[in-house]
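The chain that follows stands alone, in the form predicted alone, written as structure tokens.
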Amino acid sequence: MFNFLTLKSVAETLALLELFEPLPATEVPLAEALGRVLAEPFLAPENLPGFDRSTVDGFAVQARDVFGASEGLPAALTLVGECPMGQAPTLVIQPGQTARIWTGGMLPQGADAVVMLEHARLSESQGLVELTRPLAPGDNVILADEDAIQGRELIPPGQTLGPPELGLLAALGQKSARVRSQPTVAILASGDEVVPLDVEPGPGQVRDINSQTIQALASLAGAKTLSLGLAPDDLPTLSALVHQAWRTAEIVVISGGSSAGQRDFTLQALQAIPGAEILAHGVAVSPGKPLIIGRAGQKSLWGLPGHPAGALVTAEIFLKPLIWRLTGAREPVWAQSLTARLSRPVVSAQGRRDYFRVSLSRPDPQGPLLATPILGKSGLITTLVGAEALAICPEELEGLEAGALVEIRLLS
């Protein structure tokens, strides 16, 4: 009970996450690397594209041959052939000569620019091409090392691999990527009143919401998830399931039973894990005050509030950054703090940091974002929907007035 009454601040609680080290690196096939986090810098193994190539359909030329060319005074060059796709051309462009080339084709020796097809008039009978646009060397051409120079860092560690990064790796012949291992988050919901989704709730019962929301949040943050179902308010049963989770996952999450009531057994179940250390029981935050964070070695132990809003908000503020840390991911830009103007006043309590759900709009295209608090009692599940961000009322304030600039954190 003493620990629960000694509340940690949000800053102190976030600092606890530094006790956990990023997971080791592993090699995965490129087809399985989407959304994974690069473990080490990726250096270009070769120049890219590796040869001078055209970026347009047109005619390969020596740029000096089309200097001053125009519609009224075109440059007439001798057509000496065509550059084949997918192989090196054998012809050599001499002064006064040109060759047909296609987008992506390798530039022939002697050429240093490409005139677009739209700026050419072909005279087949005379074997000449009239070109009507001047060029500088390198125009409409990608040089052999212009995309990437061998040995240069192309992707930094901590980068989440998306379609562009996978395309770059493929362009450089990589069949796999070295990424951080994914943590497994084992999720367990507790409470005699909680029933599975396929069961019709009886009087005083509710369906299991938290397993769904926490599983979705953890997956979007880059973790694997394992649902262990439901546990009654019974310490031996809960402890057995918690031990199962601890053996199979890097992160153990129990929702419900984290407070200090007679039937709240989460703390005891977590303390029963061999080598367990409780780092925090109670955080000066709303919603989510009864949060528990512990560790057993490098495995983290979590007791989230049973209240769906409290569980989801505390997971957003604390659990998601831990997953990013374990995977070595850099904090996404969208997760960094922004500011918005509050549409109506909100009330808070000094000594705690209040996170309230808001929707966002921009009535004035030139003005700041407008944050509108989601109305409704905190126990209403429908208030979870439609929230695009969390707005923050600092610990030292008792509320915020309408029109005040407020710090917001976008939700994924």
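One-based numbering along the sequence shown. Owing to the predicted nature of the structure, the values given are computational and were not obtained by experimental measurement. The term rigid core refers to the maximal set of C-alpha atoms that superpose within 1.5 Å between the two forms.
In what follows, reference is made to the form predicted in complex with another copy of the chain, a form of this protein that is not presented.
Contact with another copy of the chain in the model of the complex, judged by any heavy atom within 4.5 Å, is made by just one of P95, P236, P203, G72: P203. This chain appears without its partner; in the model of the complex, the one residue of A249, L166, A284, L79 with a heavy atom within 4.5 Å of another copy of the chain is L166. Of the heavy atoms in P49, some are within 4.5 Å of another copy of the chain in the model of the complex.
Shown alone here, L91 lies farther than 4.5 Å from another copy of the chain in the model of the complex, counting heavy atoms only. Contact annotation for Q350: none of its heavy atoms lies within 4.5 Å of another copy of the chain in the model of the complex. Looking at G297, you'd find every heavy atom of it more than 4.5 angstroms from another copy of the chain in the model of the complex.
Only one of 267-275, 127-135, 181-189, 147-155 places residue heavy atoms within 4.5 angstroms of another copy of the chain in the model of the complex, namely 147-155.
Along 300-331, these residues reach a heavy atom to within 4.5 Å of another copy of the chain in the model of the complex: H307, L312.
After superposing the rigid core, the C-alpha of E277 moves by less than 2 Å between this form and the one not shown.
Relative to the superposed core, I101 undergoes a Cα shift of 2 Å or more between this form and the one not shown.
Core-superposed comparison between this form and the one not shown: the CA of P321 stays below a 2 Å shift.
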